[in-house]
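The chain below stands alone and is given in C-alpha cells; this is the form predicted on its own.
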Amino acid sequence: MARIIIDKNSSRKEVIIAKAASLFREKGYKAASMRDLAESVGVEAASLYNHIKSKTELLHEICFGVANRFMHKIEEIEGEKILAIEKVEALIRFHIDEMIHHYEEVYVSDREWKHLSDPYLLNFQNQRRMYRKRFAAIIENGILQKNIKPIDATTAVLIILHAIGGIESWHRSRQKISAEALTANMITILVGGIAVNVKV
C-alpha cells in the first residue's frame, strides 16, 4: 500500500494540508474532492481519513493556520519600540514573504474562507476584520507621529493588501523578477508612497 512521503521537517498531516492548499487553489474548494487529494498525495482515499476527518477540516486548518500567523506577527510588531512607518514596512514585508513562500495557503485563506461553516465562519470573519483594524490603527498612529502622510487609514490598508494580493500574477509569470527584486519594488512603492521624510 502506498504511503504518504514526508521529510524530517513535516508530518503526514502537514503534507496533506499543503497538498490540499494546492488543490483548493487550482480547482476551488467546492470542486476539489477527497479522491483528487488522495491522488495528489499518492494514497487511497480511505487512507486520508487516518490523518484528517474531512475536507472541511482541511479548509479550517488552512484558513486559521494563515490567520493565526498574521495575528501573531501583528502582535509582535505592535509591541516593538519603532516608528509606525517602520511597523507598516515590517507588516508589508511579512505579507510579501507569506505570498512568496506560502502562496497557496494564503491564496486559499483569502479566497475560499467563505466555505467555512459557523461558528468558524463568523470567527474567521471577525479575525480578518480585527486584523485590518489593527493594521489601520498603526497607520493612524503614524499620521499622529507625522511619519505617515495624512491619508484614510482604512483605505490605505485595503490598497496595500490588494496590491500584495497581486503577487498571484508574479507566480504565474514566465519572465518574473526575483523575489528579492519584487520585495524591494513593492516596499519602495507601498511604504515610500505613504511615508513622510523617511528613507526606506
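What you see is a predicted model; the values in this text were computed from it and never measured. Numbering starts at 1 and follows the sequence shown.
Same protein, other form: the form predicted in complex with a further copy of the same chain, not shown, and the subject of what follows.
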(message) Is residue 111 part of the interface with a further copy of the same chain in the model of the complex - any heavy atom within 4.5 Å?
(response) yes
(message) At 4.5 Å between heavy atoms, is residue 188 in contact with a further copy of the same chain in the model of the complex?
(response) yes
(request) State yes or no: in the model of the complex, is some non-hydrogen atom of residue 93 no more than 4.5 angstroms from a non-hydrogen atom of a further copy of the same chain? (result) no
(message) So in the model of the complex, is a further copy of the same chain close enough to residue 115 to count as touching (4.5 Å, heavy atoms)?
(response) yes
(message) Only one of 62-70, 33-41, 49-57, 150-158 has heavy atoms within 4.5 Å of a further copy of the same chain in the model of the complex; I'd like to know which.
(response) 150-158
